[in-house]
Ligand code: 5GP
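Okay, so here's just one chain, in structure tokens, the form predicted on its own.
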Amino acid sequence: MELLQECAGAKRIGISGHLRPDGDCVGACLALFLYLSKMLKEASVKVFLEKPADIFKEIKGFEEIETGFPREPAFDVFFALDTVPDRMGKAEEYFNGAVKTVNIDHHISNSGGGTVNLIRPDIGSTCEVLLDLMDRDRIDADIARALYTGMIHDTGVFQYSNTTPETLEKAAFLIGFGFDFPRLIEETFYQKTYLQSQIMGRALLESIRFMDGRCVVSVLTRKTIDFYQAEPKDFDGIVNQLRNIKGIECAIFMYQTDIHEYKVSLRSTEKVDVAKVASFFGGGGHARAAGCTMKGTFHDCVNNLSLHIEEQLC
């Protein structure tokens, strides 16, 4: 795929990602926004996302993200990044109405939903896929910072199994632009607010091990969420911390979104392909990190997940 060729002649270009945008989604959307704005001076480029967490506010272009999803004329080209189009929320309307649609992702569960599709499950992040598509001579420090943000978030600062030698080579290229990458890692990946720390402590304290101690699950009910006046962005890192418990092969974190409805996050070791588990319930993701939305009581959801996890652990 040639990014600039796909946008040839376009006057209006739109970019969006998935609901509850994470570091790779935000980084990819802003990196592409900065790159296309730089390379295509005559085009109007816009980014549409649910409001991302403030930890990403130092990425250039953050303040230009459209979070209100106003009525827009049809776009000549619209990019769906790090997602399937039907997980874009209100931005899906822009995507469906565009003359050309481009879907760029790295999730194995994405079968492609655009006029043009580039899905690379062999690559650790959508930001890494984008870097391969960009002219390196035209990348600057702002674009590099955005791309690096996505790479560290989807590789767990290069500790997950989706990190390859090529990933590290690309990271070395990006930090060569001289931005403060240790502070970027600390402030966007490791640092937690007091509220986030309280909720994580509650989730760990009330977690339950099962399946001979090889799995762990924790849930935040609507009542608990309302007590802390918390939002989904305050739950970042909980499922990874559950996975870090010694002896755990698969971690499940759930939070209630409605009556008998839960958002589910899954993390695992090499013994469980959680993307396969999530796909049974309409979700997807990576082999070691995936998610879905489930209907039923908490116990119903755990029992249904357990059936598919147990098949792989046997």
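Residue numbers here begin at 1 and follow the sequence given. Given the structure is predicted, the values throughout are model-derived calculations rather than measurements.
The form predicted together with the named molecule exists for this protein as well; it is not shown, and the discussion that follows is about that form.
Whether 87, 283 and 286 all lie within 4.5 angstroms of the named molecule in the predicted bound form by heavy atom: Every residue of the spot touches the named molecule in the predicted bound form.
Would residue 305 count as touching the named molecule in the predicted bound form under a 4.5 Å heavy atom rule? Taking the distances in the predicted bound form, the answer for residue 305 is no, it never comes within 4.5 Å of the named molecule.
Is residue 170 close enough to the named molecule in the predicted bound form to count, meaning some heavy atom within 4.5 Å? Because no heavy atom of residue 170 falls inside 4.5 Å of the named molecule in the predicted bound form, the answer is no.
Is it the case that residue 268, even though its partner is missing from this view, gets within 4.5 Å of the named molecule in the predicted bound form, heavy atoms only? Residue 268: no, not in contact with the named molecule in the predicted bound form.
Using heavy atoms and a 4.5 Å limit, would one call residue 233 a contact residue for the named molecule in the predicted bound form? Although the named molecule is absent here, residue 233 would stay clear of it in the predicted bound form, with no heavy atoms inside 4.5 Å.
Look at the stretches 34 to 42, 54 to 62, 242 to 250, 257 to 265 and give the one with heavy atoms within 4.5 Å of the named molecule in the predicted bound form. Only one stretch qualifies here: 257 to 265.
Candidate from 100, 214, 107, 202 lying within 4.5 Å of the named molecule in the predicted bound form - any heavy atom: So the residue touching the named molecule in the predicted bound form, by this definition, is 107.
The named molecule in the predicted bound form - contacting residues of 1 to 39, heavy atom within 4.5 Å: Residue within 4.5 Å: 18 only.
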